[in-house]
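The chain that follows stands alone, in the form predicted alone, written as structure tokens.
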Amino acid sequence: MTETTMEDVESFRLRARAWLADNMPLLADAAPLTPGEDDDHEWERARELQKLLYDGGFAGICFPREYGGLGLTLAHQKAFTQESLDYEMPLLLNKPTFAICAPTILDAGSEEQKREYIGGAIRGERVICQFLSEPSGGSDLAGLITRADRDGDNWVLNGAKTWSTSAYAADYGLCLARTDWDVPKHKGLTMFLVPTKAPGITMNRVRMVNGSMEFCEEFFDDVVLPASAVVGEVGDGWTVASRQLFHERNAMGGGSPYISGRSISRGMGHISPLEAALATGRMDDPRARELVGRGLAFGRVQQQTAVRVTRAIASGALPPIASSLLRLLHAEYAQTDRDLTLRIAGASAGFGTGAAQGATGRVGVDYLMRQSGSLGGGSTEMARNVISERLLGMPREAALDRDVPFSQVKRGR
């Protein structure tokens, strides 16, 4: 097979099947993921598994060859994912490294950045996170106040970020900062690649109600960055961030071509409505069966919608902004799934830490986390605004800061 001849999907599938059986450890033998703070070994394991995939020729399936990938199609990726379900995979690297950050660098980075960071991620040498949300910013990402000021050939970064998924385990973060305060808010931004261990960065992990500590908050105090840290053009960071948000919505909705293996949740212990019905002995209960059927039908709708929208975006039938449809549907499904599970579990729903409380021991905790589906990856309110205004052409929502220099925009303390 030459580089100009693409291997057919079935041949690739059979080759992957044989390689996985000979080289990858079985999932049944792997230790379960834990959501607490002592998980460094899990990240080291993920890097080891990624290196194993790379050495075997099955890493970066949909990334271009020139940056370390295989240059194959989504169909090849799906075939590999199907074959890999019984094996331990570096799932921790999927989001945000492969699904969001590496594709953003592919879209907007320099050739040097693409080779170093995409290639490094594919080889298991780079983990990349996002530094986007801010304590005072809410869903108004363009209203951020973290700043980067020129200092000769360098930039000096000051400010704070929060809700940064897996930042504690990352090597670099894609950080959006304000570099010009005298232009409207969308025009004065620049994207940077920031080493997470750089002097001047203080990082804290945030414990969630379900025990997970995957989120972090960061404080930047005179962090010095070289000119080569800029991704895209100075002052054009919103263009880069827009592509980043596209990939994030796509990943949240199940449409990313760069995710290898099944999706995971660090929440631990989440069970489906069907599993709840089986665990509580309610499969003969007509009402429980109705709720299970509703959950299964909604799940199938979400899966098929993700396929349809992804294909439409790829063909040009829908604009990239249509990924907001997937983001919104993902949230609606996740919340409905947890609602149905709680209704089926009933009094069996616990708020404990898992196995000691039985199969439904954490249903209550999962329910308390249900609202995260409306916030992670951008709020559902923002998704609805994007769909209505930019996809359906409805009138734009009023904004007092539109076309106003950001230095003149009134803000709280």
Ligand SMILES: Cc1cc2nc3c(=O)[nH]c(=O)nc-3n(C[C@H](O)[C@H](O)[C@H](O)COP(=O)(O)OP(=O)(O)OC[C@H]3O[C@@H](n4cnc5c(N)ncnc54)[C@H](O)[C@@H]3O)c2cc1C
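Not measured: the values here are computed from a predicted model. The first residue of the sequence shown is number 1, and the count goes up from there.
This protein has a second form, the form predicted together with the named molecule, left out of what is shown; the following refers to that one.
Picking from 280-288, 116-124, 160-168, 74-82 the stretch near the named molecule in the predicted bound form, with a 4.5 Å limit on heavy atoms, gives 160-168. Contact with the named molecule in the predicted bound form holds for all three of Leu132, Gly378 and Glu397, each having a heavy atom within 4.5 Å.
Although the partner is absent here, Ser139 lies within 4.5 Å of the named molecule in the predicted bound form, judged by heavy atoms. Although the partner is absent from this view, Ser348 stays clear of the named molecule in the predicted bound form, with no non-hydrogen atom inside 4.5 angstroms. Not displayed here, the named molecule is kept clear of Trp238 by more than 4.5 Å at the level of heavy atoms in the predicted bound form.
Interface membership of Phe298, defined by any non-hydrogen atom within 4.5 Å of the named molecule in the predicted bound form, is ruled out. Checking Tyr333, Tyr87, Phe215, Phe219 for any heavy atom within 4.5 Å of the named molecule in the predicted bound form turns up a single hit: Phe215.
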